[in-house]
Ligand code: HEM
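Given next, in structure tokens, is a single chain: the form predicted alone.
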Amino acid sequence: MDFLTTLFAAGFYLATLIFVVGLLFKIIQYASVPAPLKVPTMPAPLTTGGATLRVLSEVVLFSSLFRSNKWIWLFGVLFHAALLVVLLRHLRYFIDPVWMWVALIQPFGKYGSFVMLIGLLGLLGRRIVVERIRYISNPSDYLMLVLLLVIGGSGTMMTFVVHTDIVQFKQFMLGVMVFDFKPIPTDPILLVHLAAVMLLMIIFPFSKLLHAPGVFFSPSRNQVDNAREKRHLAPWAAKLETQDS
């Protein structure tokens, strides 16, 4: 087994471990943090079903962002929708035989990379051009966007400019999944693409990209407006009340 194969196989194991453990830790942390106050953003739903639909509208349609800024909403939707299709297209490297629906979306994922790049460039331009956004932006905000641009750009180049041996790459990925290592293609663009993906996986649990799972735990979105009908007590406050009584 050559050095590059060993390096990238080990890198994928490490990146996957950090990504999964870090993400699970943050989700458990989000779920266990008490929300002692009723703080739903008004107008808020009056039922649990309504609150569920509200969260889903944020996840799928970015409804509050649409009301806030149409341009940012447009670039955000372009990026996230195209990213989903591109990720689903990449399933072909991890399954054999390839499922029919994965084969059917290949052309959409192929050209969806351009849509993803347009969305990313729009979001990056917003941070650079809009003064109030530039003022509150940290270096990590630019890093996330640049890293995603490197991933999207290198992937698009491999599809339309500098082709790589996808058969050999699929053998490598399938081998990594079962600890049966196969040689990895040594194309520089592919190696840059994979290195950027691994880096993104490693920093994901420690970055603002955690808004992906975090939106499900946002009290301003998932709480029901029933403050007048039902007294809301955090678990720790309920224990104190029981002790006092």
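This is a predicted model, so every value here is computed, not measured. The first residue of the shown sequence is 1; numbering continues from there.
Below: the form predicted together with the ligand, not depicted.
Only one listed stretch (189-197, 174-182, 45-53, 22-30) carries heavy atoms within 4.5 Å of the ligand in the model of the complex, and that stretch is 189-197. Although the partner is absent here, L65 is a contact residue: one of its heavy atoms lies within 4.5 angstroms of the ligand in the model of the complex. Contact check for L37: no non-hydrogen atom falls within 4.5 Å of the ligand in the model of the complex. The ligand in the model of the complex comes within 4.5 Å of no heavy atom belonging to K70. Proximity of T159 to the ligand in the model of the complex falls within the 4.5 Å heavy atom cutoff.
Residue-level contacts in the model of the complex: of L87, I128, A81, V98, one residue has a heavy atom within 4.5 Å of the ligand, and it is L87. Contacts of stretch 202-223 with the ligand in the model of the complex, defined by any heavy atom lying within 4.5 Å, are made by F204, K208, L209, H211, A212, V215, F216, listed in sequence order.
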